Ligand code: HEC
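Next up: a single chain in structure tokens, the form predicted alone.
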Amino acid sequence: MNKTALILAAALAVLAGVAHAAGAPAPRMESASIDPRDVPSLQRGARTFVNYCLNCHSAKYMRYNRLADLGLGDQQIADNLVLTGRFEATDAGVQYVPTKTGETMQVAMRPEDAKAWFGAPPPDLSVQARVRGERWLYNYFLAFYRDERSATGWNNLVFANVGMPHALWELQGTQKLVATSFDKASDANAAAIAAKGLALVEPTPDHRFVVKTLAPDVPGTMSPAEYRRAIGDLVNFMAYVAEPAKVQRTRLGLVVLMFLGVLFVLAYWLKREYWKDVH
């Protein structure tokens, strides 16, 4: 097979994958209330992130000392948010060296170990909020349920057959999948709307429609409302990590627009002065 044929085959494979992904049914999602100006929410999200996410996932484009933007001092960051370190060989032997606040958010787990344990290294979370979207992430953390057929014992209604176990299950508790079959698509869609939460409508080979929803099974340490608030804080912080300067950029953009508005008024007045004799 020549080079042109190989390129054409690769392009067709990519297009087929995109078409398949576009044709896959998407679940009805809950709305996510994310406010990058809510500093207490960002601080709570940072705490959840370093305690539950930073064990496996890195955020290698984010430095700890950037969290000073959230009103945290350098010592507060070092004492409460820097939980990682590394072992280095010295003349006195192997010594544990804690991570400094000027370093990036890395994990101690090696990529080869992660691949052996999980099948693939966990993705870096630096820009996941921009890649996936805040609403997708919010519902993803709500959508885990028990699945004994999975290698990890977990599955996800937003990301089917996900390889990640539910790291926050102690907070949320466990959920079970509820599947209800309908003869008509209209009835299935009506049932999904009536669920007032996460719901997925899937066609079946026998031309029926199944509505998949989640129901509580074993309660966690948080109530559903508390867990949703914690997830909102976590996603809010992930959005901040993906673009720390978003608030400043938005504020600067408004100032620039105001300046251009004033400049427009002055330019229009100058134009009238130049052309008043002509008109």
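Values in this document were obtained by computation on a predicted structure and should not be read as measured data. All residue numbers are counted from 1 along the displayed sequence.
The following text describes the form predicted together with ligand HEC, which does not appear among the structures shown.
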| query | finding |
| --- | --- |
| Heavy atom distance at most 4.5 Å to ligand HEC in the predicted bound form, all of 56, 137 and 238 | yes |
| Residue (of 203, 111, 163, 153) lying close to ligand HEC in the predicted bound form, criterion heavy atoms within 4.5 Å | 163 |
| Answer option from 188, 157, 168, 105, heavy atom within 4.5 Å of ligand HEC in the predicted bound form | 168 |
| Which of 48-56, 217-225, 240-248, 35-43 sits within 4.5 Å of ligand HEC in the predicted bound form, heavy atom basis | 48-56 |
| 4.5 angstroms heavy atom contact with ligand HEC in the predicted bound form for residue 182 | no |
| Distance check, residue 146 to ligand HEC in the predicted bound form, heavy atom within 4.5 Å | no |
| Heavy atom of residue 73 within 4.5 Å of ligand HEC in the predicted bound form | no |
| Partner contact for residue 211 in the predicted bound form: ligand HEC, 4.5 angstroms, heavy atom | no |
| Residues within 4.5 Å of ligand HEC in the predicted bound form, restricted to 117-131 and counted by heavy atom | 118, 120, 121, 122, 123, 125, 128 |
